[in-house]
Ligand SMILES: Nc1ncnc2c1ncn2[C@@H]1O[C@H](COP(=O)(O)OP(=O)(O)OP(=O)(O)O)[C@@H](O)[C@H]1O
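Coming up is one lone chain in structure tokens, specifically the form predicted alone.
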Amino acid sequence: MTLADIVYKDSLRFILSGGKGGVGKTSCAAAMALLSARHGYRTLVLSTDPAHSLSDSFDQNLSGGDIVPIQGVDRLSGLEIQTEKAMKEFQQSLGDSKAGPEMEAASMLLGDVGGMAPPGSDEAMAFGKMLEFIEDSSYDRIIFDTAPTGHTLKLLELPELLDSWLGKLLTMRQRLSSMMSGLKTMFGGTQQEDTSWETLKKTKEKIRAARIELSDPDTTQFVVVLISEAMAVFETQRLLASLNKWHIPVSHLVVNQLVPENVDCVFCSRRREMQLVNLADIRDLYSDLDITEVPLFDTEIRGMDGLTRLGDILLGNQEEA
């Protein structure tokens, strides 16, 4: 499956761009988002990387934690997820739920259950944003600029971890609720609805739906971005092994920042020679995947002109940068 097949596939709702830090994941995500929007898809590109650079790519401030229309492009919006803000909203959604006296008693005994932080809070809040769009029809396409590999692996294992975490939380609340309900009945208290219970159950259901969505090749593709260096190749192997373990569809690699031939530059020639050796290994290791090779740009990829230029190369419409 070529990158054009991915970007222009009508049924595809989610594209995740990921790899080692500094390999150009954000630029590729932004370029794919631009191509998607210009093709007519209502597109949202969002960054789950704690060290955001999506604003730099579009040369526009997207750091407020809210969805912002991308200037000069119809049907394209951007968002840099602010995990602290998302965590507060999550806790507030549980804390504001109308819980009965049994939950108040539970808070006195165990602390506020709604304030418990899920495992991997930063990644959990990023995944929470993904959950928001599973059932949201406002966008045809959501493109994720993921964090470097380690954070991304934690993000992708979260459906299983959060499913377990919420299951334990629900069990604890159920036991405490039953206990306090019995005490209320004994002393003539009145029943009050605990809506936080429903909030947790709905969240658990959404997580299970997300696990199905993210493993469906018709709706999700992970585009791995790497550079032609040994450390990046090793990290890509680890990433692909994890994607396979969690059944995340991946069919395409982008090998970025390839040094062009320059016989007059000794340094450039040596860098290119090293890259060509690693590139041969990449082609051999991943012969079952489609590979796009992107040359090193002579300028920073920033703004619409740079992203358009990169998009042309990703689609194979231009041979050289």
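Everything quoted here is computed from the prediction, not taken from an experiment. The first residue of the shown sequence is 1; numbering continues from there.
One more form of this protein should be noted, the form predicted in complex with the ligand, which is absent from this view; the next part is about it.
Stretch-level contact analysis of 288-296, 62-70, 34-42, 261-269 against the ligand in the predicted complex, using heavy atoms and a 4.5 Å limit, identifies 288-296. Within 4.5 Å of the ligand in the predicted complex, a heavy atom is found for none of 2, 9 and 312. In the predicted complex, residue 55 stays away from the ligand, with no heavy atom inside 4.5 Å. The ligand is not drawn, but in the predicted complex it has no heavy atom within 4.5 Å of residue 13. The ligand is not shown here, but in the predicted complex it comes within 4.5 Å of a heavy atom of residue 148. Looking at residue 305, you'd find every heavy atom of it more than 4.5 angstroms from the ligand in the predicted complex. Residues 20, 21, 22, 23, 24, 25, 26, 27 of 20-35 are found to place at least one heavy atom within 4.5 Å of the ligand in the predicted complex.
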